[in-house]
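Only one chain is given next, in structure tokens, and it is the form predicted alone.
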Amino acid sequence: MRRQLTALLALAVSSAGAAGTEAAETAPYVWPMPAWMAPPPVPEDNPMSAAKVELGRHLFYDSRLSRDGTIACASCHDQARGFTDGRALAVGIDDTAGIRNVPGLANVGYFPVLTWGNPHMTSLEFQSLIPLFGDNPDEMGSNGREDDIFARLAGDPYYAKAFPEVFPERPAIDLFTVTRALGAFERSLISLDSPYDRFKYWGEEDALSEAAKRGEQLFFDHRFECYHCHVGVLFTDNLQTTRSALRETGNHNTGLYNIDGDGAYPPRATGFYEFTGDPSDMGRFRTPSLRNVGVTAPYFHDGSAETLEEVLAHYARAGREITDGPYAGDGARNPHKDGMIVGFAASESEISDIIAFLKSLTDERFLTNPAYGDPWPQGHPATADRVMP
């Protein structure tokens, strides 16, 4: 499968150069964000347009992209949950168990590294190939069914009109146009209107509770060290904007596991080590943004913390101790653990205040914005058999 997926990636790359200038921009794209924030980078071969974003939104919610018509992108990325699914690990076609917690998609266009532990997954357009055609594990199960799926989409009156309008020089539905439209929609998912934003950037003093204001002070206090990794406007050190001189690609071992005393993580969950083979990369995973973290439980790459209280208890101890079972070990003693994970002592009220601050990062407009919601009418073939979280 890895060889076939590589071939698909190569096809997408080769198509880009030939067709990059062919995508018609039927209307200027206006980023849904305040002026103080720079837009995310946009690939030269996939300029944004309102029509392309709208086409991508229809594809995102369309379960006909999967082998049996049951799994859409939205089957794992639920808008009300910050485009996560509420499960510890993803569930794919035929109830196939995944190996990672579903990451949220808020502001995903700003992230130079997109998945939990693959440093090579740096493009939304390329990344969309993994759920569509990957089989390790199966997510949408479409590997080898490309022609059937494109023919299925071509029979829909909406797509029959939309694809030629958005890609007039490449009107037939294919891998290039589908992945470009999906990438454009995902890049449009901007979340910058939480109570904290209104307090911090718009001067609305009453937008935050007193507990959240105390929690903000604690979050940025050296005693807790939260802000060293969850830094900046998106609360992550994995960031790039159109004004960035360099990409920030933060990833860390936070001491979740230490199976053998030498820092081992569970099989199939070894982080960047899986791709680099460098022992120092064992257990290193991308820093997630904390935007909408109050609605994206469970947490960590494997969904092993059910609540924010559990997450903070993990960091307070400077690593997790598992006392029995196959993954037993003291994560606090993991030799590859990030030096910032030093532990802290905090009162119950301080923990409560930090959590109040974290929940102030919930952007209700983002979670309910119709522009990001399901465009298909009830009972439409695009969603008739679709499974949702």
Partner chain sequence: MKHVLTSFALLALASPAHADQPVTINFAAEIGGQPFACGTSYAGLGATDAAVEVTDYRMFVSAPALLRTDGSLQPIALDQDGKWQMGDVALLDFEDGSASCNGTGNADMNTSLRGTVPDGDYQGLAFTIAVPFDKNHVDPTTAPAPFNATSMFWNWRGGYRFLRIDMVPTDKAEDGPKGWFLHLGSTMCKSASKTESPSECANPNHMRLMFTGFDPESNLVVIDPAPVVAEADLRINAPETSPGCMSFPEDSDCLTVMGKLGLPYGDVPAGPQQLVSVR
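Numbering follows the first chain given and starts at 1. On a predicted model such as this, the values are computed, not experimentally measured, just so you know.
What follows is about the form predicted together with its partner chain, which we do not show.
In the predicted complex, at least one heavy atom of L129 sits within 4.5 Å of a heavy atom of its partner chain.
With a 4.5 Å cutoff on heavy atoms, Y315 does not count as touching its partner chain in the predicted complex; it lies far away.
Although the partner is absent here, G203 sits far enough away that none of its heavy atoms falls within 4.5 Å of its partner chain in the predicted complex. Its partner chain in the predicted complex is approached by G277, whose closest heavy atom lies within 4.5 angstroms of it. Taken together, the three residues V113, T249 and F272 all come within 4.5 Å of its partner chain in the predicted complex, as judged by their closest heavy atom.
From the list 114-122, 194-202, 218-226, 298-306, the contact stretch for its partner chain in the predicted complex under a 4.5 Å heavy atom rule is 114-122. With the partner omitted here, the residue from D156, D237, D78, D135 that has a non-hydrogen atom within 4.5 angstroms of its partner chain in the predicted complex is D135. When you look in the predicted complex, the only residue of F185, Y257, F176, F163 with a non-hydrogen atom within 4.5 Å of its partner chain is F176. In the predicted complex, D138, S142, N143, G144, R145, E146 are the residues of 137-154 with at least one heavy atom within 4.5 Å of its partner chain, listed from first to last.
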